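A single chain comes next, written as structure tokens; it is the form predicted on its own.
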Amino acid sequence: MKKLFVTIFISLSFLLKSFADEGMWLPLLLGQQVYNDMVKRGLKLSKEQLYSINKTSIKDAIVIFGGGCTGEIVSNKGLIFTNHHCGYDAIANASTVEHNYLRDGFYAKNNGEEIPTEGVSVQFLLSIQDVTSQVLDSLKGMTGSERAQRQARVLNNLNAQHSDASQNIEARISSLFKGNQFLVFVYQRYNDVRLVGTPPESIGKFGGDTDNWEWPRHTGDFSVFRVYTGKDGKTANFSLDNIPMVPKWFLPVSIKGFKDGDYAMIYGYPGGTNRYETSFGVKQKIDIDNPTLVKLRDMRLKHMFEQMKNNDSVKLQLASSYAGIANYWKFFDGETKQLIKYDVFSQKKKSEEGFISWTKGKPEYEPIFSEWEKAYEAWRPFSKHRMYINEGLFGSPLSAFAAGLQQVEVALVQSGKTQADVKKAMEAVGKAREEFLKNENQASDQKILGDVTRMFYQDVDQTQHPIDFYRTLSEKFGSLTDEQTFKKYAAYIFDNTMIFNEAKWNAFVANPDANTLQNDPAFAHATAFLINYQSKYAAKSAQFNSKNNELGRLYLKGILEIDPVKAKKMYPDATFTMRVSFGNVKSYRPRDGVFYDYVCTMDGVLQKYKKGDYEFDLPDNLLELAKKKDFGQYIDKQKNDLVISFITTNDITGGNSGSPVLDANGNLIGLAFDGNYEALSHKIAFDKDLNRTICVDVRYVLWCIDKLGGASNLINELKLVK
């Protein structure tokens, strides 16, 4: 009995772990013990300087940038630093073949030269409030889909209560610990954001896909924006009369340098982790989800790159889409390898055994894992099909757009729908078509559609195929074992769809009817797969997700009950809400006989340089200044070189891109932009030894702005710490 108790205790300790450097902490709930740990590591600031609801604090300099990144205010005139890849869409949209800011870079020498960015906004966090009791009290006695539906209504009502559209104040409740805690985050959105500066892509994406998620890294991943307000200082839509924002707080910028072991702290908006994932979920990722996603994205990237590599206009057209697909293609490939390498499945299994032993005699918790196993067994045969819908069917831009025409079909055939409904649907898809055609590259998309159709036939269980689809395809275009069959099929669709034919499209708009739409080959193709999935398998997916969420909530509820004292030092999974993580600048040894220094320098940039190479070319003025070691005040005296990037032990994930890296006194020393390949299992399992955050050194950022860009006006805005 004693031995069994020890085994359970060890297993449960893994669940309640809090290793050094691990943790994405909510600043509102930064307990004294965690704060004390930060001070021990080197922090020189008070808790109130980190986060205060009544006074200004560092949190007031941190913004949600766009839809999925972090930025920071670095001057008293609303200047924002974020990553190059976070500003990529705005830079690409501002670029033309004649004024190609992606290729050549851009720096505004005065406010009048700054470029408006349509659709880009920033959000400042105003407050955080715990509403757990209000939510949970309204859900008593409910489980499953009934609970989920009621919860959604409750959250919507609370969000509305805390929002004020007239002031651009938005509230979003975040469900933490898988539905065991609820906090409402209140933000103010500012819509007038302008592009101020960007390095050439050869700097901002130096190393390309080859270096992505890798250390050493020599990428200048930064861009510069500014937020504007009305003359009254309040949020306002774009106007030439607007003025640069006067922020509540901005970050001083340190060019003092640092050494291995120095304190490092990161604020930001990590998008999502699943650290409390089960062994079932890990197995599902390793066996099916990740390999399927990687395979489909690999195919899409190949066809896009073929069209981009020798054509500047196509590169501009596809650049943003390509970058987004490529980023997580490599991530999920690496995640699978690291989950296997470190046997995360067995680690999860061991901790679950302890939990299962603890649940004996506890009716609320005892059935959890037996029910979970049944849920995964029931869903697993259909999970690849879902991946093919999301990453395959919708991976073809034409298929994705054609599937969206279902709203027109519904308006045309559903009883009760009026001419007004048809007109409204047609207007919506007309606007969507304009945007689709602007971004569509038919040459790559045609190959993607053909390959996806072939791969679905080969990889997805034939009992799940759309009825008669492949039989009809083979009768018209040839053998299903011949790749040419699918190329001919794709060519037929692209040659005959009205979506690309102005005359046919205009005729349909003038007289929309269901037969014309249903006979369109692109619409017929997309809806064959989509309706097949919606009618037979979407319900299975919804049932699995509902069960998975409900069991996950109960699992976390049990974990929090196991040891209430230790539970106070547990952090919730990332939910794209403000978090702070702390650690140190630190070198590491990824494997036997290999040592990685904590910084990369300009010397390494020059070693990687390949003239004319798609990923490793460099601007002439950078080469000239680098060879002369003309680094000015930005030189690192320890290295006698310009430091390009550095690594820390901080715990971050996607969404933290652009996050400020701060020293012990709250000064900006860099921008977080990536993680290292050896720890790509970090969404599920944090590795306390190998996890590293890759950051661009702010001195390289300033050197690029000042020495390469000649924008000393921007340097003069900053509060430099020397």
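All values derive from a computational prediction rather than experimental measurement. Residue numbers here begin at 1 and follow the sequence given.
FYI, the form predicted together with a small molecule isn't displayed, but the following is about it.
Comment: the small molecule is not present in this chain, but in the predicted complex one of R579, H525, H218, H85 has a heavy atom within 4.5 Å of it, namely H85. None of Q446, T235, N549, N327 but one reaches within 4.5 angstroms of the small molecule in the predicted complex through a heavy atom, and that residue is N327. Remark: H385 does not count among the residues lining the small molecule in the predicted complex, judged by a heavy atom distance of 4.5 Å or less. In the predicted complex, the small molecule lies within 4.5 Å of some heavy atom of F673. Residue contact check for K348: none of its heavy atoms lie within 4.5 Å of the small molecule in the predicted complex.
Heavy atoms of T649 never reach within 4.5 Å of the small molecule in the predicted complex, leaving it off the interface. Only one of 208-216, 102-110, 247-255, 170-178 lies within 4.5 Å of the small molecule in the predicted complex by heavy atoms, and it is 208-216.
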